[in-house]
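The chain below stands alone and is given as structure tokens, in the form predicted on its own.
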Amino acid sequence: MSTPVPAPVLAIDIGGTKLAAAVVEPGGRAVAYERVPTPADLDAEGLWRTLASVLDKVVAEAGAPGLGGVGVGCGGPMTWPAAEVSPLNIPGWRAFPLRERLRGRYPGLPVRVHNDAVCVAVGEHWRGAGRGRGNVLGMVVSTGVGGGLVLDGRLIDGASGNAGHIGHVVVDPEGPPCKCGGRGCLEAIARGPGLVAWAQEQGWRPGQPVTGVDLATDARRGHPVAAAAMRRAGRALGIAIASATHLCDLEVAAIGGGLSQAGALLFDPLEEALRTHARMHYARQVSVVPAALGQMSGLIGAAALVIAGDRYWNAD
């Protein structure tokens, strides 16, 4: 159990799409923010230099305050809490000693690293859609699909720091292969690049360099294949959340990440599948909502690992 820190915190969010950082006040307000696309073609040291540049900029923008610590959400897998990271969607980092490097850069400060989706769960419980609720699932649906669990008001880490990783719940045993080596995982079906690939196989913009944003835009315009892809993702999410709710007795599931911005295109089929499969009385009480903190959820949650460590950090 750690002591909360009453000072601004440097928060970092590392994913396959972006490298972002903010300086966050003890009350949860970000006073400075920087973001760059995650470079696809750099080696480990090139990625580290890119991240370091973002960190220098955001601290300078905030007026170089005295920091109380560093909180990080990073795509997995990773060793935890040592945080040697090997994000599936950042091939340049394999067993990269992220926590050790940050400790060297910010000597004397607590450095706490957790999965990026865990940080979304923490952020939404602390200052977002799950505030005031005890039992919250936070999710990221973007380049990958991940999750984190707060139960009875405290973050649940699990044996290896991976509790709540809903992206690898199997929703279709006959479904597509997943990067984890399994088949039919939620991530294999609902991750943005997977959806795009599926839609292109079905005849939507074949061979074009398109993204999940393009897919959602065309679905909104009524393109049948694009709309079917969004329904496919929503259905898979609904099935997975129904299973998680039966297991964990959830009150709120808050969904962040780029694909969550598709709105009703995603949430309507999600709700339909959830209500079809969540049949026990207690499971029907769960509320599924977009992350109230939007794209800042992970950063606010990363900061809370330090600011509110008594609830959200159990490792040292």
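Each residue number is its position in the shown sequence, starting from 1. Values in this document were obtained by computation on a predicted structure and should not be read as measured data.
Just so it is clear, the following notes concern the form predicted together with another copy of the chain, a form of the same protein that is not shown.
Screening 33 to 41, 262 to 270, 66 to 74, 245 to 253 for residues having heavy atoms within 4.5 Å of another copy of the chain in the predicted complex returns a single hit, 245 to 253. By the criterion of a heavy atom within 4.5 Å, D152 is counted among the residues contacting another copy of the chain in the predicted complex.
The closest heavy atom approach of R112 to another copy of the chain in the predicted complex falls outside 4.5 Å.
At the 4.5 Å threshold, heavy atoms of T211 stay clear of another copy of the chain in the predicted complex, well away from it.
Another copy of the chain is not shown here, but in the predicted complex it comes within 4.5 Å of a heavy atom of N162. This chain lacks the partner; the member of A227, V169, L102, V196 within 4.5 angstroms of another copy of the chain in the predicted complex by a non-hydrogen atom is V169.
Only one of A52, V289, A60, M280 lies close to another copy of the chain in the predicted complex, with a heavy atom inside 4.5 Å, and it is M280.
With contact defined as any non-hydrogen atom lying within 4.5 angstroms of another copy of the chain in the predicted complex, the contacting residues in 181 to 198 are G181, G182, R183, given in sequence order.
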